[in-house]
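We begin with a single chain expressed as structure tokens, specifically the form predicted on its own.
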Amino acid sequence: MTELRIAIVGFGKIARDQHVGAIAAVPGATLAAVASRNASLPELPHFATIEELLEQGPPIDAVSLCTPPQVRRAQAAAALAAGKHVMLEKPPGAGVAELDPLIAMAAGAKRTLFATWHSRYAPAVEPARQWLAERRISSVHISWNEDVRVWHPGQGWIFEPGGLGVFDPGINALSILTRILPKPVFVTAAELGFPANRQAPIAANLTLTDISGLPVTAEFDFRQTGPQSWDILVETDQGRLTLSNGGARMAIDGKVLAEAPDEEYRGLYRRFVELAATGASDVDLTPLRLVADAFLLGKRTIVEPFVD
């Protein structure tokens, strides 16, 4: 099998912590270069920008865009125009409609565009989806709270327009929700807490439902200290399903039925290799649409300033 030669564009915390090791662990994938203004890997060719990478870099087949979402559209367009397959870290862009031209470009070039949702690859997500498919669901509650200073240190872009604020992690919960529930959901109301000195929310409460009226609530907060919580509780006619630790553990009425080590990003790169072999694309924008609707419907409140 010919290896997919991948360049990482944007070499921040997630790229270092997750992408490098995942590429090394996946058969058929190899890391060939890095493009980043501020970081590099000593053993690999390094370029300051994606333009330098595409013009001067070694032979590559694909790019994995780990840059902030505000700049990904232009970078993805450049890579597709150069004949490369493209993986987009989540969220896939700063807006929803900007993905449509990229989808068309990828189809025209017979190249892969892969909008990734890494939390869907958590080990308990598929067991949860299968279990819920045979039960009657009565309610869902999401509690997805973490400390922004721990998980996004010094990343001011996350509070700029297009950075999504607390929805950067919150969209992970929505990606799981839209995978495990049997019917599509939509936002009916939202409350968004904006720091007085920032342009994106630091906290959010959402109310969602589906066509049958299923009550779904979600709370996201970037100000959590101490233990972090990434949990989804689903009440059914045959017990309570709890997805915890970001989808790594599934329990029914407290009894753990599925739990495994985190291999989310390995799953993403296995899928990327599979897609690139045929030039197929995988672009599900459902979680991003829910976030966009939360902004459209959200009641905005001003909270205390956030100082990193």
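For every residue, the number given is its place in the sequence shown, counted from 1. For clarity, every value in this text was computed on a predicted model and none was experimentally measured.
Note that the form predicted together with a further copy of the same chain isn't included here; everything after this is about it.
Novice: Taking a further copy of the same chain in the predicted bound form as the reference, which of Q238, T225, Q199, S139 has a non-hydrogen atom within 4.5 Å?
Specialist: Looking at the other structure, the residue within range turns out to be Q199.
Novice: Mark V20 yes when one of its heavy atoms lies within 4.5 Å of a heavy atom of a further copy of the same chain in the predicted bound form, and no otherwise.
Specialist: Contact check for V20: no, nothing within 4.5 Å of a further copy of the same chain in the predicted bound form.
Novice: Heavy atom to heavy atom, is K299 within 4.5 Å of a further copy of the same chain in the predicted bound form?
Specialist: K299: yes, in contact with a further copy of the same chain in the predicted bound form.
Novice: Test of understanding: in the predicted bound form, would V96 fall inside 4.5 Å of a further copy of the same chain by heavy atoms?
Specialist: Output for V96 is yes: heavy atoms within 4.5 Å of a further copy of the same chain.
Novice: Are any of the heavy atoms in W151 no more than 4.5 Å from a heavy atom of a further copy of the same chain in the predicted bound form?
Specialist: No, no contact at 4.5 Å.
Novice: Heavy atoms within 4.5 Å of a further copy of the same chain in the predicted bound form: which stretch among 129-137, 230-238, 191-199, 173-181?
Specialist: So the stretch in question is 191-199.
Novice: Which residues, if any, of 282-308 lie within 4.5 Å of a further copy of the same chain in the predicted bound form when only heavy atoms count?
Specialist: The stretch 282-308, when checked against a further copy of the same chain in the predicted bound form, contributes L288, R289, L290, V291, A292, D293, F295, L296, L297, G298, K299, R300, I302 at the 4.5 Å heavy-atom cut-off.
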